[in-house]
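Given as structure tokens, the chain that follows is alone and in the form predicted on its own.
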């Protein structure tokens, strides 16, 4: 008769350790990531001219913004269309802090993130009671109110329709200033991608995805929508504020043109083309559309129409975006290759069993491994 298990025995109450691999998350591939990082770091020396470097710097800042939006829209499933307001508030906060307080530009970046994150946290409270299109209307209306208040400001604090400029930015000068600004944007984009990757692979990320896919079941499993949604909004708003402050310091301007239908269409198109709800999708979508935009600078009248056409084609042919589409194609190809390899090995094993009725231990071990035993 076995001894009774004590309630205080840690083996009786210990829960399995969280493991993203066991949960089925794809594992990062070190080689492509290393190659991408090396190319990204060396890009200032590879760019054909300075206009490419300016576009790449803006793309890195936009990638930080896109990842913050991806967190709440792609993983949280909340149709938030007010993200550009947090972006602009971060830009204005950084500019005003630098202009009116004797602190360095670097310190204004977390301050701008905290301002945007705090406002996003407050906005998440009324959203808790709304669903679907009503969330979209509320957040879009919030962004429009912020934009119109800035434009109508006659006090001079925000600069009105012309915005703020001449506050110095990071203060880099000389021929290497553009390179340094690009590397700052690249570092922010890489850190943001890492934050999003860690968050979505944590219990918090699984809770967000559960709330997005099946809110009723998630609530029954003890996942609090209020806690998760407020936390996601705060983190997303903080990252958007950091992106806005980087824009203000790199380009030395903060204006209402950061918001509006045009910029919102561009960032949403980047997310949808790359793949919502993936970490790699916003990277691919931002890079492709940033350089497509650069090629269309000479024909601004058709730029938005071209973006709309790209968005329509991707939605019709690849509704989940480029990254999920090609990932599925690659997974099917790998499954087909593994199936052929397994059939060949199985034929060899059958031939060996005819010649010899006794199976070797190595063959048994290989067969067991193939069957997952």
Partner chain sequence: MNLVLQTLVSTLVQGSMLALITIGMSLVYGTLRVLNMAQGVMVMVGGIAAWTFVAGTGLSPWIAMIFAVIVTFALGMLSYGVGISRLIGRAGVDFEMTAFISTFAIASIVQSVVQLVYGPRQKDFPSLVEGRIQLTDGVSITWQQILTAGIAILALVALGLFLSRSRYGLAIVAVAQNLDAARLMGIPARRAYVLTMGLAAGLAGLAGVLLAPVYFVSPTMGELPMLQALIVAIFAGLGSTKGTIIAAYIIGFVQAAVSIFWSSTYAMPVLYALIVVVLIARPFGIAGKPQEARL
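Positions refer to the first chain, counted from 1. Predicted model, so just to flag it, every value in this text is computed and none were measured.
Below, we turn to the form predicted together with its partner chain, even though it does not appear here.
Original post:
Does any heavy atom of residue 220 come within 4.5 Å of a heavy atom of its partner chain in the predicted bound form?
Top reply: Output for residue 220 is no: heavy atoms all beyond 4.5 Å of its partner chain.
Subject >> 4.5 angstroms heavy atom contact with its partner chain in the predicted bound form for residue 329 >> reply: Judged by the heavy-atom cut-off of 4.5 Å, residue 329 is well away from its partner chain in the predicted bound form.
**OP:** Answer for residue 126 alone: is it within 4.5 Å of its partner chain in the predicted bound form, judged on heavy atom distances?
**Re:** The answer is yes: residue 126 has a heavy atom within 4.5 Å of its partner chain.
Subject >> its partner chain contact at residue 144 in the predicted bound form, heavy atom, 4.5 Å >> reply: Yes - in the predicted bound form, heavy atoms of residue 144 and its partner chain come within 4.5 Å of each other.
Subject >> Contact at 215, 312 and 316 by its partner chain in the predicted bound form, all three, heavy atom at most 4.5 Å >> reply: Every residue of the spot touches its partner chain in the predicted bound form.
Original post:
Of the options 130, 187, 194, 99, which one has a non-hydrogen atom that comes within 4.5 Å of its partner chain in the predicted bound form?
Top reply: Exactly one residue meets the criterion: 130.
**OP:** Using heavy atoms only and a 4.5 Å cut-off, determine which of 157, 177, 198, 302 is in contact with its partner chain in the predicted bound form.
**Re:** Only one option qualifies, and that one is 302.
**OP:** Choose one stretch from 108-116, 85-93, 147-155, 250-258: the one whose residues place a heavy atom within 4.5 angstroms of its partner chain in the predicted bound form.
**Re:** Among the listed stretches, the partner-contacting one is 147-155.
**OP:** Heavy atoms within 4.5 Å of its partner chain in the predicted bound form is the criterion; list the residues of 60-95 that meet it.
**Re:** Read in sequence order, the residues that approach its partner chain (within 4.5 Å, in the predicted bound form) are 73, 79, 81.
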